[in-house]
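Read the single chain below, which is given as structure tokens and is the form predicted on its own.
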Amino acid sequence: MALIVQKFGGSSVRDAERVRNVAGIITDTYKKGNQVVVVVSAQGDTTDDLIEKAREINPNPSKREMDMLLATGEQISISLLAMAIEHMGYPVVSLTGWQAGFHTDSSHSRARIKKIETERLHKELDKNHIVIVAGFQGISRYGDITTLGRGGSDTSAVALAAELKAELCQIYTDVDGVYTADPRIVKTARKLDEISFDEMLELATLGAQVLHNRSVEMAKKYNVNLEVVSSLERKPGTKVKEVVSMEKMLIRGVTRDNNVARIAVVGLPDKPGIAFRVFSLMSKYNINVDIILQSIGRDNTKDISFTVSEDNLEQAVAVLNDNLSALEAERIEVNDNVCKLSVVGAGMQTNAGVATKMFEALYEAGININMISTSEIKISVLIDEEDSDKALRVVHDAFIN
């Protein structure tokens, strides 16, 4: 008897028909003699609708009360799914995050899982129940409901798989696996049979929306057997694992992220410690910084440009403007019409000329590069947002035919 954790996203359970479809997938797995624990997200646009309802009442609600509200989305999903399975004649129980033993820190809206107490889960599994767990949520040591932030249900599923030592963790989505690029934009994109944890982590961090990066990080740490599968078609998906057969592919994927903005701190004094002062401010307010470019000093001044997510843009600019005199800077400039385009692949570690090939493809398409960032398995460039779709296609075609 194998223990399998299955996770279904909001689009997979958005209406009654899809809930019944998911119930069929779960019960088929159960009928094969497996123990099944299921993690479910809120239906369709439920979370966005709840956020809108909150804003109608209070434009700036506390994060604690938002967590209290948003956690109800998953509670609706788990109960409806349990009802569907119950109607099919199978033993099932639905549990909220805290009933399932998820204990988190007290950082509302972006909580981290501290531990999972599995006693209740094991009791239900011992009764041969299918267990449906609300993703994205837990409880703090103060007894408050918390949510894990964007992609939290993926993280909930992988954490359960690690804690329960599940043989397999399947992430069901509305696509049938991980592709070399977004197939909605790049028609020649190929589905990958397998991908390494490191490559998947880079793709997830750089804008691919199939898996959340925190869940991939956790899967790698605890060596969880992870698979991305379609909830709409019954066919093999993509396995995410430690070591993969590279299929002689230099690049595993090309992705883009439009949720970025470029900030330039202009006219800084050209002296030691200035970069530290700028980025210590970002760190103090938990603002993640990505690509960084520092100009060569001229006339005893220099400029520092960097990217942040658009979600953090307003706060980052406010912090810098509040400290403009302390930084001895002339002004802050912002450009939010940019896109980060990235190529990812472990194969590039041992192959020269990857950057040249990428830059050549962009040059031939008449696309200008604003900033560049590299690591062992990825190259990212900042380009104008209006060029993002075209850039994705030409770079993908340059590497993957």
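Being a predicted model, the structure only gives us computed values, none of them experimental. The first residue of the sequence shown is number 1, and the count goes up from there.
The form predicted together with adenosine-5'-diphosphate (ADP) exists for this protein as well; it is not shown, and the discussion that follows is about that form.
Of the stretches 182 to 190, 283 to 291, 308 to 316, 103 to 111, only 182 to 190 has residues with a heavy atom within 4.5 Å of adenosine-5'-diphosphate (ADP) in the predicted complex. Taking the partner from the other structure, adenosine-5'-diphosphate (ADP) in the predicted complex has a heavy atom within 4.5 Å of a heavy atom of Thr173. Residue contact with adenosine-5'-diphosphate (ADP) in the predicted complex: Lys7 places a heavy atom within 4.5 Å of it. Taking non-hydrogen atoms only, Val178 approaches adenosine-5'-diphosphate (ADP) to within 4.5 angstroms in the predicted complex. Put simply, Gln209 is close to adenosine-5'-diphosphate (ADP) in the predicted complex: some heavy atom of it is within 4.5 Å.
Taking a 4.5 Å heavy atom cutoff to adenosine-5'-diphosphate (ADP) in the predicted complex, none of the residues in 299 to 334 make contact.
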